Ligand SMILES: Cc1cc2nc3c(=O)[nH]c(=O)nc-3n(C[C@H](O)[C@H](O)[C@H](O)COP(=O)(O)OP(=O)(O)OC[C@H]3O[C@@H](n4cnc5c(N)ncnc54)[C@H](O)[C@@H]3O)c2cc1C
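Just the one chain here, the form predicted alone, laid out as structure tokens.
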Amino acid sequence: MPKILIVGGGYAGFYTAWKLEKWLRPGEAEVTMVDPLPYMTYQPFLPEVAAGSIDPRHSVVAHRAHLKKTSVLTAKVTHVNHAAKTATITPPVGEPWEFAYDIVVVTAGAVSRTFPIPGVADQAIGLKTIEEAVAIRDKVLTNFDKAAQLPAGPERDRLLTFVVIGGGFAGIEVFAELRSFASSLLTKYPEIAFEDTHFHLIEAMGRIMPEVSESTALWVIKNLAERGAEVHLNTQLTSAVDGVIELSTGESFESDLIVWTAGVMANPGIVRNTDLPIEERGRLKVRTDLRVGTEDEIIEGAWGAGDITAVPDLSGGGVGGFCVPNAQHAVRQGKLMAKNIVAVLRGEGTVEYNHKNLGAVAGLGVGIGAFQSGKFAIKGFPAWVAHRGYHGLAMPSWERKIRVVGGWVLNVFLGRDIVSIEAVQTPRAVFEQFASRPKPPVAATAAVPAEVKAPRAPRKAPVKTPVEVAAAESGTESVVAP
């Protein structure tokens, strides 16, 4: 059977494997998917996970729970040699080994793109993984716990100042969700007033959310301002050393939480370690039918989709003529790619990817949202309902849909869970602190040879009283009372 290797288990990779299981006939091909994580993360839910509105486990989909016919390897692909049709697989334990394939599907996604700004690498955190979203949530809760016990002053202000870098969809959503989260916490922390919390979003461009109209973007800024959150436009971060935020406008303040959402780049672990064609922005060159190559050349046996690729956008709505890196495209590309792979295996023709964006919807905290489709816009509560409805349905599998929607319903009656589990990052700390350890062995005292022992000092005769001396001289004994 032909061997199909899927590199990456995110949206595009997971959906490709999922649909191949549905459409391949028994014995038609053998599918293997390799990803360092054992689950797919539904990234549109990360802002709500960071704000405590969704249980972290409910926003991920376990590969092995839903891919029944695919061989799942929890490892890294560290090199793809398509000329020899081999890939180097590096497991978490053991030595790397070569995997021979007939068809390779590259869907390794993207990572946060940063700039060499002092302090960012040491102080900031991204929002691309479920682990990052959980860490942000726990940080907010822990900071509230600490600040509630401090008097007014610089340290308290630092703990209650939250910064987001980047005003795209991801940045605005997590910024607004965190503002909503912090406001809801105030009822549980009477020691902290609304005015004590400070939220700053830094955007280098002159507007936010380029996917929506300018009027909708301005409404979002106004809504955030009314909720006590400040958006800095035409402003760049110049330094974040030791949590001291320095802006191009000259402003400066301290923060204990800096969330970086200012762009993504194709996974460098793959694009820098393959002989497949890469375009000038570091993405895999892909045709409109999702085969690797150009209009004039097809790289046989190689496919690609999702954030790691430069897929031409036939709808005309893409930036620079290519599909933007988002979940909407990755999911649809994964589904179409599975169909096209099956078609090529059967000697049939492929279909071009052409998806016109029907609109953009953002959640801005509980009960607030923004929706834009062409010139038509909805704001406030109806848009928030549309946001949750769309993403609730888009979540893969009914099992996950039920868990997510069930959590939302429970939050209406029970509120958000505000337990911080920040200590999970050092789970052995308490055990190590109190664990009994064996005492160090006592060094044996070496025996000293008799011939070198110091001679014992002669025992001094007891001093006799005058009465005792007289008795001794007379030969008589007398008893002296003490």
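In this text, residue numbers run from 1 along the sequence as written. These figures come from a predicted structure and were not determined experimentally.
The following text describes the form predicted together with this ligand, which does not appear among the structures shown.
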- request: Please check if Ala330 has a heavy atom lying within 4.5 Å of any heavy atom of this ligand in the predicted complex.
  value: yes
task: Indicate whether Pro56 is a 4.5 Å heavy atom neighbour of this ligand in the predicted complex.
output: no
- prompt: Using 4.5 Å between non-hydrogen atoms, is Ala29 touching this ligand in the predicted complex?
  reply: no
- prompt: Using 4.5 Å between non-hydrogen atoms, is Asn267 touching this ligand in the predicted complex?
  reply: yes
Which of 410 to 418, 30 to 38, 423 to 431, 64 to 72 lines the interface with this ligand in the predicted complex (heavy atom within 4.5 Å): 30 to 38
field: Partner-contacting position among Val77, Leu160, Val231, Val404 - heavy atom within 4.5 Å of this ligand in the predicted complex
entry: Val77
field: Heavy atom within 4.5 Å of this ligand in the predicted complex - the one residue of Leu178, Leu336, Ala170, Ile368 that qualifies
entry: Ala170
query: Within 4.5 Å of this ligand in the predicted complex, do we find a heavy atom from each of Ala124, Gly166 and Thr235?
result: no
- prompt: Taking this ligand in the predicted complex, which residues along 10 to 32 bring a heavy atom to within 4.5 Å of it?
  reply: Gly10, Tyr11, Ala12, Gly13
